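The form predicted alone is given below as one chain in C-alpha coordinates.
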Amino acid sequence: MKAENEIIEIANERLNEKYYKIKHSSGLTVFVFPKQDYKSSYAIYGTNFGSIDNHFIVDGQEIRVPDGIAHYLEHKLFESKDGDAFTKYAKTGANANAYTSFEKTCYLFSCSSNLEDNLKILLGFVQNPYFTDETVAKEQGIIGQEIRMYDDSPDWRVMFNLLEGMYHNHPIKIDIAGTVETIAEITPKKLYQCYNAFYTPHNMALCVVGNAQPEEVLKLVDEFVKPVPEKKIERIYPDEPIDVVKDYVEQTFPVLIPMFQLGFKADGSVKLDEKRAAGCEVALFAFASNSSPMYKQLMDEGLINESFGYEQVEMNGVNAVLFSGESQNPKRVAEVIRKHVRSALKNGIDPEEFEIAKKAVYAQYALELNSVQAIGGGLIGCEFSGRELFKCIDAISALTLDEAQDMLAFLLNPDRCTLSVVKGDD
(Lines give C-alpha, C1' and ligand atoms only; values in the text may rest on other atoms or scores of the structure.)
Protein backbone atom coordinates (compact mmCIF):
# COMPACT_ATOMS: atom_id res chain seq x y z
CA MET A 1 0.00 0.00 0.00
CA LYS A 2 1.42 3.35 -1.07
CA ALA A 3 2.18 5.83 1.74
CA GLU A 4 0.21 9.05 1.68
CA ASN A 5 1.57 12.58 1.79
CA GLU A 6 0.86 14.29 5.10
CA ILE A 7 0.09 18.02 4.73
CA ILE A 8 0.11 20.25 7.82
CA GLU A 9 -0.90 23.91 7.70
CA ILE A 10 1.16 26.03 10.11
CA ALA A 11 -0.28 29.48 10.73
CA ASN A 12 0.56 32.47 12.90
CA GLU A 13 -2.38 34.81 13.45
CA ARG A 14 -0.26 37.57 14.99
CA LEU A 15 1.95 37.70 11.91
CA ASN A 16 -0.92 36.91 9.53
CA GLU A 17 1.25 34.35 7.77
CA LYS A 18 1.00 30.63 7.06
CA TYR A 19 2.89 27.88 5.32
CA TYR A 20 2.54 24.18 4.68
CA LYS A 21 4.80 21.43 5.96
CA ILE A 22 4.48 18.21 4.03
CA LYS A 23 5.91 14.84 4.95
CA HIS A 24 6.17 13.36 1.49
CA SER A 25 5.60 9.65 1.01
CA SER A 26 9.29 9.31 0.09
CA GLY A 27 10.34 10.66 3.50
CA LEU A 28 11.28 14.09 2.12
CA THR A 29 10.15 17.12 4.13
CA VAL A 30 8.62 19.77 1.85
CA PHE A 31 7.74 23.33 2.81
CA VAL A 32 5.51 25.56 0.70
CA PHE A 33 5.15 29.18 1.81
CA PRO A 34 2.62 30.86 -0.52
CA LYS A 35 3.20 34.53 -1.38
CA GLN A 36 0.51 35.06 -3.97
CA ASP A 37 1.17 38.73 -4.67
CA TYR A 38 4.93 38.31 -5.08
CA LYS A 39 6.51 38.44 -8.53
CA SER A 40 9.55 36.40 -7.51
CA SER A 41 9.71 32.82 -6.26
CA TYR A 42 12.51 31.02 -4.49
CA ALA A 43 13.31 27.37 -3.95
CA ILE A 44 16.00 25.77 -1.82
CA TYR A 45 16.77 22.06 -1.66
CA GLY A 46 19.07 21.06 1.17
CA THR A 47 20.70 18.04 2.73
CA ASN A 48 21.76 17.78 6.35
CA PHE A 49 25.36 17.13 5.32
CA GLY A 50 28.22 19.59 5.67
CA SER A 51 31.97 19.85 5.98
CA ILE A 52 32.04 18.62 9.60
CA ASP A 53 30.52 15.27 8.59
CA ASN A 54 33.75 13.51 7.66
CA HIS A 55 33.33 10.47 9.94
CA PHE A 56 30.09 8.53 10.21
CA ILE A 57 28.42 5.16 10.42
CA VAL A 58 25.70 4.36 7.90
CA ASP A 59 23.73 1.13 8.09
CA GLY A 60 26.39 -0.31 10.39
CA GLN A 61 29.39 0.59 8.20
CA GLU A 62 31.94 3.04 9.62
CA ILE A 63 33.20 5.48 6.98
CA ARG A 64 35.85 8.21 6.97
CA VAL A 65 35.99 10.57 3.99
CA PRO A 66 38.50 13.25 2.91
CA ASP A 67 38.07 16.77 4.28
CA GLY A 68 36.23 18.98 1.79
CA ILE A 69 34.19 16.20 0.19
CA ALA A 70 30.77 17.77 0.95
CA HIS A 71 31.84 20.96 -0.88
CA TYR A 72 33.34 18.87 -3.72
CA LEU A 73 30.10 16.94 -4.05
CA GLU A 74 28.15 20.19 -4.29
CA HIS A 75 30.29 21.27 -7.26
CA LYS A 76 30.02 17.94 -9.04
CA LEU A 77 26.28 17.52 -8.65
CA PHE A 78 25.55 20.27 -11.19
CA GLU A 79 27.00 18.07 -13.95
CA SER A 80 24.98 15.32 -15.61
CA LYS A 81 25.06 13.16 -18.71
CA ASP A 82 22.73 15.57 -20.51
CA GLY A 83 24.51 18.82 -19.62
CA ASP A 84 25.24 21.30 -16.88
CA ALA A 85 22.38 22.50 -14.65
CA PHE A 86 23.51 26.12 -14.89
CA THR A 87 23.10 25.96 -18.67
CA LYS A 88 19.55 24.71 -18.21
CA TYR A 89 18.76 27.49 -15.74
CA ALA A 90 20.10 30.06 -18.19
CA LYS A 91 17.39 29.03 -20.65
CA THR A 92 14.61 29.55 -18.07
CA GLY A 93 15.97 32.87 -16.78
CA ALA A 94 16.49 31.66 -13.21
CA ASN A 95 19.29 32.84 -10.94
CA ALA A 96 20.77 29.65 -9.47
CA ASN A 97 23.43 28.94 -6.89
CA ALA A 98 24.53 26.50 -4.20
CA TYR A 99 26.59 26.52 -1.04
CA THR A 100 28.18 24.18 1.46
CA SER A 101 28.47 25.20 5.10
CA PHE A 102 29.81 23.39 8.13
CA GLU A 103 26.53 21.52 8.65
CA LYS A 104 24.51 21.52 5.41
CA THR A 105 24.60 21.71 1.62
CA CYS A 106 21.91 23.62 -0.28
CA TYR A 107 20.95 24.12 -3.92
CA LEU A 108 18.75 27.08 -4.77
CA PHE A 109 17.28 29.35 -7.40
CA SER A 110 15.15 32.47 -7.65
CA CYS A 111 12.94 33.31 -10.61
CA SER A 112 10.17 35.62 -11.74
CA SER A 113 8.61 33.05 -14.10
CA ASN A 114 8.85 29.39 -15.13
CA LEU A 115 8.73 28.14 -11.53
CA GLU A 116 7.63 24.65 -12.59
CA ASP A 117 10.42 24.30 -15.17
CA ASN A 118 13.02 25.52 -12.67
CA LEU A 119 11.81 23.11 -10.00
CA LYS A 120 12.14 20.27 -12.51
CA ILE A 121 15.77 21.28 -13.11
CA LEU A 122 16.47 21.50 -9.37
CA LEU A 123 14.88 18.19 -8.48
CA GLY A 124 16.33 16.55 -11.57
CA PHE A 125 20.02 17.25 -11.09
CA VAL A 126 20.06 16.84 -7.29
CA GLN A 127 18.37 13.44 -7.65
CA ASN A 128 20.71 12.18 -10.39
CA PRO A 129 24.44 12.19 -9.54
CA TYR A 130 26.95 11.59 -12.32
CA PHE A 131 30.60 11.17 -11.36
CA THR A 132 33.41 9.77 -13.52
CA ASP A 133 37.16 9.56 -13.01
CA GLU A 134 37.67 12.19 -15.70
CA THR A 135 35.18 14.77 -14.37
CA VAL A 136 36.31 14.30 -10.76
CA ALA A 137 39.97 14.80 -11.71
CA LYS A 138 39.09 17.94 -13.69
CA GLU A 139 37.34 19.44 -10.67
CA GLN A 140 40.42 18.99 -8.46
CA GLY A 141 42.20 21.77 -10.30
CA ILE A 142 39.21 24.11 -10.10
CA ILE A 143 38.62 23.58 -6.39
CA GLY A 144 42.37 23.68 -5.73
CA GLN A 145 42.39 27.21 -7.15
CA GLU A 146 39.42 28.10 -4.93
CA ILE A 147 41.25 26.79 -1.86
CA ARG A 148 44.35 28.84 -2.68
CA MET A 149 42.17 31.91 -3.20
CA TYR A 150 40.67 31.52 0.28
CA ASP A 151 44.12 30.92 1.74
CA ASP A 152 45.00 34.39 0.40
CA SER A 153 41.87 35.99 1.89
CA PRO A 154 42.45 37.79 5.23
CA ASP A 155 38.72 37.50 6.10
CA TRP A 156 38.91 33.73 5.69
CA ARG A 157 42.22 33.33 7.49
CA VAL A 158 41.24 35.41 10.52
CA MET A 159 38.19 33.16 11.00
CA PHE A 160 39.89 29.78 10.57
CA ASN A 161 42.87 30.89 12.64
CA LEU A 162 40.33 31.68 15.35
CA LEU A 163 38.61 28.31 15.05
CA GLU A 164 41.96 26.51 15.20
CA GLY A 165 42.72 28.51 18.34
CA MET A 166 39.38 27.62 19.93
CA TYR A 167 38.87 23.97 19.00
CA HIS A 168 41.21 21.08 19.83
CA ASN A 169 39.58 18.31 17.81
CA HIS A 170 36.21 19.30 16.34
CA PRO A 171 36.20 19.44 12.50
CA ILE A 172 34.80 22.99 12.56
CA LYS A 173 38.45 24.08 12.56
CA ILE A 174 38.97 22.44 9.14
CA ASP A 175 38.41 24.58 6.03
CA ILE A 176 35.04 23.81 4.44
CA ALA A 177 36.72 23.20 1.07
CA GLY A 178 39.43 21.00 2.60
CA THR A 179 43.03 21.28 1.43
CA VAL A 180 44.74 20.63 -1.90
CA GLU A 181 46.07 17.41 -0.35
CA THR A 182 42.72 16.12 0.97
CA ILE A 183 40.73 16.79 -2.21
CA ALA A 184 43.36 14.83 -4.15
CA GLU A 185 42.05 11.76 -2.28
CA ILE A 186 38.48 12.20 -3.58
CA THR A 187 37.26 9.58 -6.06
CA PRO A 188 33.91 8.87 -7.73
CA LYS A 189 33.46 5.93 -5.34
CA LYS A 190 33.83 8.19 -2.28
CA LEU A 191 31.47 10.80 -3.77
CA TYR A 192 28.81 8.15 -4.40
CA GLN A 193 29.40 6.82 -0.88
CA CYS A 194 28.58 10.25 0.62
CA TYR A 195 25.74 10.87 -1.81
CA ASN A 196 24.06 7.55 -1.04
CA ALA A 197 24.42 8.14 2.70
CA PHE A 198 23.24 11.74 2.98
CA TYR A 199 21.31 12.63 -0.19
CA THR A 200 18.30 10.55 0.78
CA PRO A 201 14.78 11.97 1.20
CA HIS A 202 14.76 11.37 4.97
CA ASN A 203 17.88 13.54 5.37
CA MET A 204 16.75 16.34 3.05
CA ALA A 205 14.24 19.18 2.82
CA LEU A 206 12.78 21.22 -0.02
CA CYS A 207 11.31 24.69 0.46
CA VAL A 208 9.38 26.70 -2.14
CA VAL A 209 8.40 30.30 -1.39
CA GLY A 210 6.35 32.55 -3.64
CA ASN A 211 3.50 32.12 -6.06
CA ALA A 212 3.07 28.40 -5.43
CA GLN A 213 0.61 26.01 -3.85
CA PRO A 214 1.30 22.65 -2.11
CA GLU A 215 -0.51 20.61 -4.76
CA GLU A 216 1.66 22.04 -7.57
CA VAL A 217 4.89 21.35 -5.73
CA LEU A 218 3.81 17.86 -4.63
CA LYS A 219 3.02 16.89 -8.21
CA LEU A 220 6.67 17.50 -9.15
CA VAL A 221 8.04 15.88 -6.00
CA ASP A 222 5.94 12.79 -6.74
CA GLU A 223 7.53 12.68 -10.19
CA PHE A 224 11.16 13.16 -9.20
CA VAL A 225 11.62 11.90 -5.62
CA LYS A 226 11.10 8.18 -5.15
CA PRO A 227 10.86 6.37 -1.81
CA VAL A 228 14.00 4.62 -0.62
CA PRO A 229 14.64 2.74 2.63
CA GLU A 230 15.61 5.12 5.44
CA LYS A 231 19.30 4.89 6.28
CA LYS A 232 20.47 5.02 9.86
CA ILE A 233 23.22 7.65 10.02
CA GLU A 234 25.39 8.10 13.09
CA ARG A 235 27.72 11.09 12.87
CA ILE A 236 30.97 10.69 14.79
CA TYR A 237 32.73 13.72 16.26
CA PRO A 238 35.87 13.59 18.40
CA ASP A 239 35.70 14.50 22.08
CA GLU A 240 36.15 18.24 22.50
CA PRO A 241 37.45 19.83 25.73
CA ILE A 242 35.49 22.86 26.93
CA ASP A 243 38.60 25.04 27.16
CA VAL A 244 40.21 26.78 24.17
CA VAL A 245 43.52 25.72 22.62
CA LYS A 246 45.11 29.16 22.97
CA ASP A 247 43.90 32.65 23.79
CA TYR A 248 45.73 34.50 21.00
CA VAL A 249 46.55 33.81 17.34
CA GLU A 250 48.23 36.23 14.95
CA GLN A 251 49.09 36.17 11.25
CA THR A 252 50.78 38.75 9.04
CA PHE A 253 48.93 39.72 5.87
CA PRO A 254 49.01 42.70 3.48
CA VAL A 255 46.11 44.58 5.11
CA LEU A 256 45.82 48.32 5.74
CA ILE A 257 43.84 47.96 8.97
CA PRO A 258 44.29 44.94 11.26
CA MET A 259 41.34 42.53 11.26
CA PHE A 260 40.20 40.59 14.32
CA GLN A 261 37.80 37.94 15.52
CA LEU A 262 37.17 37.28 19.19
CA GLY A 263 35.50 33.92 19.84
CA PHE A 264 33.75 32.70 22.99
CA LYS A 265 33.41 28.94 23.34
CA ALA A 266 30.33 27.41 24.99
CA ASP A 267 29.26 23.82 25.66
CA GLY A 268 28.74 22.23 22.25
CA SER A 269 26.68 19.35 23.61
CA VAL A 270 23.72 21.63 24.46
CA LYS A 271 20.92 21.64 21.90
CA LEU A 272 19.05 24.90 21.50
CA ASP A 273 15.27 24.65 21.33
CA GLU A 274 13.09 27.61 20.30
CA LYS A 275 13.20 29.22 23.76
CA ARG A 276 16.96 28.89 24.16
CA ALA A 277 17.59 30.10 20.62
CA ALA A 278 15.41 33.16 21.26
CA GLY A 279 17.26 33.81 24.52
CA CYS A 280 20.59 33.76 22.68
CA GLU A 281 19.46 36.15 19.96
CA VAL A 282 17.89 38.69 22.30
CA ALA A 283 20.73 38.53 24.84
CA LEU A 284 23.37 39.07 22.16
CA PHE A 285 21.44 41.96 20.65
CA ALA A 286 21.17 43.64 24.05
CA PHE A 287 24.86 43.02 24.67
CA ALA A 288 26.47 43.84 21.31
CA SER A 289 24.14 45.64 18.90
CA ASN A 290 24.96 49.19 17.80
CA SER A 291 22.63 50.51 20.52
CA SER A 292 24.47 48.70 23.34
CA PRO A 293 26.78 50.35 25.91
CA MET A 294 29.63 48.08 24.80
CA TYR A 295 29.34 49.15 21.18
CA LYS A 296 29.14 52.78 22.25
CA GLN A 297 32.35 52.53 24.28
CA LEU A 298 34.21 50.83 21.43
CA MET A 299 33.09 53.53 19.03
CA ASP A 300 33.77 56.40 21.43
CA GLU A 301 37.34 55.19 21.97
CA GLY A 302 37.83 54.90 18.20
CA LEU A 303 38.55 51.19 18.51
CA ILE A 304 36.14 49.91 15.84
CA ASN A 305 34.41 51.07 12.69
CA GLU A 306 31.16 50.05 11.00
CA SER A 307 32.61 46.66 10.04
CA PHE A 308 32.09 45.46 13.62
CA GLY A 309 29.58 42.67 14.06
CA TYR A 310 28.82 39.41 15.84
CA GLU A 311 27.64 35.95 14.88
CA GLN A 312 26.33 33.00 16.85
CA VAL A 313 27.63 29.63 15.61
CA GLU A 314 25.61 26.51 16.36
CA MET A 315 25.95 22.97 15.03
CA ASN A 316 26.60 19.41 16.19
CA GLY A 317 29.19 19.70 18.95
CA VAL A 318 29.57 23.48 18.68
CA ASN A 319 28.08 26.53 20.37
CA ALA A 320 30.07 29.75 20.05
CA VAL A 321 29.89 33.50 19.52
CA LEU A 322 32.27 35.38 17.24
CA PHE A 323 32.84 39.15 17.37
CA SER A 324 34.63 40.55 14.33
CA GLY A 325 35.79 43.77 12.74
CA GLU A 326 38.75 46.04 11.98
CA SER A 327 40.81 47.87 14.58
CA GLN A 328 44.21 49.45 15.06
CA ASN A 329 44.18 47.95 18.56
CA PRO A 330 42.46 44.53 18.54
CA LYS A 331 43.79 43.59 21.97
CA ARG A 332 42.11 46.64 23.51
CA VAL A 333 38.86 45.70 21.72
CA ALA A 334 39.03 42.24 23.27
CA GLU A 335 39.75 43.76 26.67
CA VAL A 336 36.68 46.02 26.45
CA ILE A 337 34.41 43.19 25.28
CA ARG A 338 35.57 40.90 28.10
CA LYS A 339 35.05 43.73 30.60
CA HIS A 340 31.45 44.16 29.45
CA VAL A 341 30.91 40.40 29.57
CA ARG A 342 31.99 40.29 33.20
CA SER A 343 29.76 43.27 34.00
CA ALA A 344 26.74 41.69 32.27
CA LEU A 345 27.29 38.40 34.08
CA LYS A 346 27.63 40.14 37.45
CA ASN A 347 24.97 42.86 37.16
CA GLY A 348 22.60 41.34 34.61
CA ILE A 349 21.18 42.69 31.38
CA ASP A 350 19.60 46.12 31.82
CA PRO A 351 15.78 45.59 31.77
CA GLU A 352 15.21 48.53 29.45
CA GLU A 353 17.86 47.29 27.01
CA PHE A 354 16.31 43.81 27.18
CA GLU A 355 12.89 45.15 26.14
CA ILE A 356 14.45 47.12 23.29
CA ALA A 357 16.30 44.01 22.15
CA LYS A 358 13.14 41.87 22.23
CA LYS A 359 11.24 44.33 20.07
CA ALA A 360 14.14 44.75 17.66
CA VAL A 361 14.76 41.02 17.16
CA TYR A 362 11.03 40.33 16.75
CA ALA A 363 10.74 43.15 14.21
CA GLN A 364 13.73 41.78 12.32
CA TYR A 365 12.05 38.38 12.00
CA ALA A 366 8.77 39.97 10.92
CA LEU A 367 10.63 42.00 8.28
CA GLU A 368 12.39 38.90 6.97
CA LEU A 369 8.98 37.35 6.26
CA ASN A 370 8.83 39.80 3.35
CA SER A 371 11.89 38.17 1.77
CA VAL A 372 11.46 34.90 -0.12
CA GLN A 373 15.15 34.12 0.35
CA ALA A 374 15.07 34.74 4.10
CA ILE A 375 11.97 32.57 4.50
CA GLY A 376 13.48 29.71 2.52
CA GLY A 377 16.77 29.80 4.38
CA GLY A 378 14.98 30.12 7.71
CA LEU A 379 12.72 27.11 7.12
CA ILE A 380 15.59 24.89 5.99
CA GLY A 381 17.75 26.00 8.94
CA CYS A 382 14.95 25.36 11.42
CA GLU A 383 14.20 21.93 9.96
CA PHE A 384 17.79 20.74 10.30
CA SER A 385 18.12 22.15 13.83
CA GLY A 386 14.83 20.63 15.00
CA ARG A 387 12.95 23.90 15.44
CA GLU A 388 9.84 25.47 13.92
CA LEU A 389 10.00 28.96 12.41
CA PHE A 390 6.86 30.50 13.93
CA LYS A 391 7.63 28.97 17.35
CA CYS A 392 11.03 30.68 17.18
CA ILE A 393 9.36 34.03 16.53
CA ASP A 394 6.73 33.52 19.25
CA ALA A 395 9.48 32.52 21.70
CA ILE A 396 11.02 35.97 21.28
CA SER A 397 7.88 37.80 22.39
CA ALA A 398 7.40 35.37 25.31
CA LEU A 399 11.02 35.57 26.49
CA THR A 400 11.77 36.69 30.05
CA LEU A 401 14.74 38.69 31.25
CA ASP A 402 15.96 35.76 33.37
CA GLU A 403 15.87 33.43 30.37
CA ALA A 404 17.93 35.83 28.30
CA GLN A 405 20.37 36.30 31.16
CA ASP A 406 20.80 32.51 31.44
CA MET A 407 21.65 32.24 27.74
CA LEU A 408 24.11 35.12 27.90
CA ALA A 409 25.91 33.33 30.73
CA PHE A 410 25.82 30.12 28.68
CA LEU A 411 27.33 31.75 25.59
CA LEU A 412 29.88 34.18 26.98
CA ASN A 413 32.54 32.98 29.39
CA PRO A 414 35.48 35.44 29.53
CA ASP A 415 37.82 32.61 30.52
CA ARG A 416 37.02 30.60 27.37
CA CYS A 417 37.83 32.94 24.51
CA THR A 418 40.37 33.34 21.75
CA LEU A 419 41.50 36.45 19.88
CA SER A 420 42.58 36.05 16.26
CA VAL A 421 44.34 38.94 14.54
CA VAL A 422 45.47 39.46 10.97
CA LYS A 423 47.70 42.51 10.60
CA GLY A 424 50.12 44.07 8.13
CA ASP A 425 53.87 44.11 8.37
CA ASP A 426 55.08 46.52 11.06
Partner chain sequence: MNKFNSRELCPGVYLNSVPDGRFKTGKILVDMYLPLIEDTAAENALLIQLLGRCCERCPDYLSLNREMNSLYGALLSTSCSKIGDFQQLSLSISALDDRYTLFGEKLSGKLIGLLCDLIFRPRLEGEAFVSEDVEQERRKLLETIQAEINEKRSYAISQCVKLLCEGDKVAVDKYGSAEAVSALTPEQLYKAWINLKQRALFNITVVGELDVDFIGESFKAEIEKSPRQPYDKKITPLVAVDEIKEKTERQKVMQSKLVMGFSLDNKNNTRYSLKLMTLVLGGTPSSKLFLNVREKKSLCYYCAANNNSHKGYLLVDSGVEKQNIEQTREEILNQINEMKNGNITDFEIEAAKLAMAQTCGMITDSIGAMADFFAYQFFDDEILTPEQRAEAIASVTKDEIVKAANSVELKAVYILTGDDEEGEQQ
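Bear in mind the structure is a predicted one, so any value in this text is a computation, not a measurement. Numbering follows the first chain given and starts at 1.
What comes next is about the form predicted in complex with the partner chain, which is not displayed.
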In contact with the partner chain in the predicted complex (heavy atoms, 4.5 Å), from 128-136, 308-316, 252-260, 274-282, is stretch 252-260
Pick from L369, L401, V32, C382: which residue has any heavy atom within 4.5 angstroms of the partner chain in the predicted complex?
-> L369
Heavy atom within 4.5 Å of the partner chain in the predicted complex: which of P227, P154, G124, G348?
-> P154
Kindly indicate whether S25, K189 and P241 are, all three, within 4.5 angstroms of the partner chain in the predicted complex, using heavy atoms.
-> no
Any non-hydrogen atom of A94 within 4.5 angstroms of the partner chain in the predicted complex = yes
Would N203 count as a contact of the partner chain in the predicted complex, using a 4.5 angstroms cut-off between non-hydrogen atoms?
-> no
Answer for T182 alone: is it within 4.5 Å of the partner chain in the predicted complex, judged on heavy atom distances?
-> no
Is there a heavy atom of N161 lying 4.5 Å or less from a heavy atom of the partner chain in the predicted complex?
-> no
Heavy atom within 4.5 Å of the partner chain in the predicted complex: which residues of 301-315 qualify?
-> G302, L303, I304, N305, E306
